[in-house]
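Only one chain is shown below, in C-alpha cells, and it's the form predicted alone.
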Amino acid sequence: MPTDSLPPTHLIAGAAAGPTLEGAGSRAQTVLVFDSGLGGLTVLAEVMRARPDARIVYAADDAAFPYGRLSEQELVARVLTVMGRLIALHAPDIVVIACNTASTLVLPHLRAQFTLPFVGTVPAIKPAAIASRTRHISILATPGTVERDYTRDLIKAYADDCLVTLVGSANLAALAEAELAGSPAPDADILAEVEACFVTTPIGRTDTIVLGCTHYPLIRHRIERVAPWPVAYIDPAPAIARRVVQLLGGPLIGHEPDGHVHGTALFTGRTHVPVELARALAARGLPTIVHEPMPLATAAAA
C-alpha cells in the first residue's frame, strides 16, 4: 500500500456506501455541492454553517478536472451526464454548482432538464464594485471565465465606472488542489499567477480582487502573503449559502446537529486519497469518501 494513500476501507466503491438519514414523516434535507475538483469546499463551508442539519454530499468531478480544457459543448454534455447520475444516486433537495466555469455555461441546461433548484456561482463583480474605493478592481479567474461574455456583461452592468483588470490564471486551481493534498507550491509560483491583479495607475491602484474561482479561497492566505500590497478579496461563498437558505429554508426542527458529522465526499476519478487530503476533508465535515467512477470518455461519448 502506498504510504501517501489511505487504506482501501477509507475509499468506498459506489455511492451507496454514503450515509443516509431517515425520519418518520420527514427526513433530513440533502444538499449536493458540485465542482470539478476541491474548490467547492470553500462554498461547502458556508453552506454547512447555514444548514448544519442537512445531509451533505460533496461531488468532485475530478475525472474531468480541469473543466477549462473542455470545449463548451463537451462541458455541457459532461455536467448534464454526471449530474443525472448524481441526482439518481442521492436524490438531493437542492444542488449548488460551486464552479464558475460550469455555472456560466451549464445552469440554463440543468434547470431545463431537472426540476429541483440549482444555485450557481458567478464572479462577485457587483459587490466588488460596491466595495472598491479606488475604482480599480481585478477579477482573478480561470481563462474560460475571463473570456466568457457572461463575465463581461457583469462588468458592464455593475462595474462600468471601474478600471477592471481581467486575469486568467491557468494554474492557480491546480496549485490549490496540490496545497490541500499536502504539496504546497513555492511562493514564486503563486505570485506568478496573481501578480497581474495588482495594477497601479496615475489615479490609484487595485484595492479589490474578485476571487472568480472557488478554488482560490483555499489558498487566499498564500495570495495575501505574496501580494505587493493589501487588498480586499471578494468571495461569493457567503452569498451562495444565503441563497440556499432562501430556496430550501432554514434548519429543520428535529434535525439539529447531534455532534456526528454525516457529510460524504464523492470523486468521479481518483481511486487513492492522500492522507493529508483525507484529513482535510474530514476537518471540513466530510469523513466518508466515496469513489463513483465516471470516466470522461464515457460522458463525452454520451
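Everything numeric here is computed off the predicted structure, so don't read it as measured data. Note that residue numbering begins at 1 and tracks the sequence as displayed.
Omitted from view is the form predicted together with D-glutamic acid, to which the following refers.
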| property | result |
| --- | --- |
| Residue 206: touches D-glutamic acid in the model of the complex, heavy atom cutoff 4.5 angstroms | no |
| D-glutamic acid contact at residue 267 in the model of the complex, heavy atom, 4.5 Å | no |
| Exercise: residue 263 in contact with D-glutamic acid in the model of the complex, heavy atom 4.5 Å | no |
| D-glutamic acid contact in the model of the complex: residue 274, any heavy atom under 4.5 Å | no |
| Heavy atom contact within 4.5 Å of D-glutamic acid in the model of the complex, the stretch among 188-196, 100-108, 159-167, 84-92 | 100-108 |
| Stretch 171-209: residues contacting D-glutamic acid in the model of the complex, 4.5 Å heavy atom cut-off | 173 |
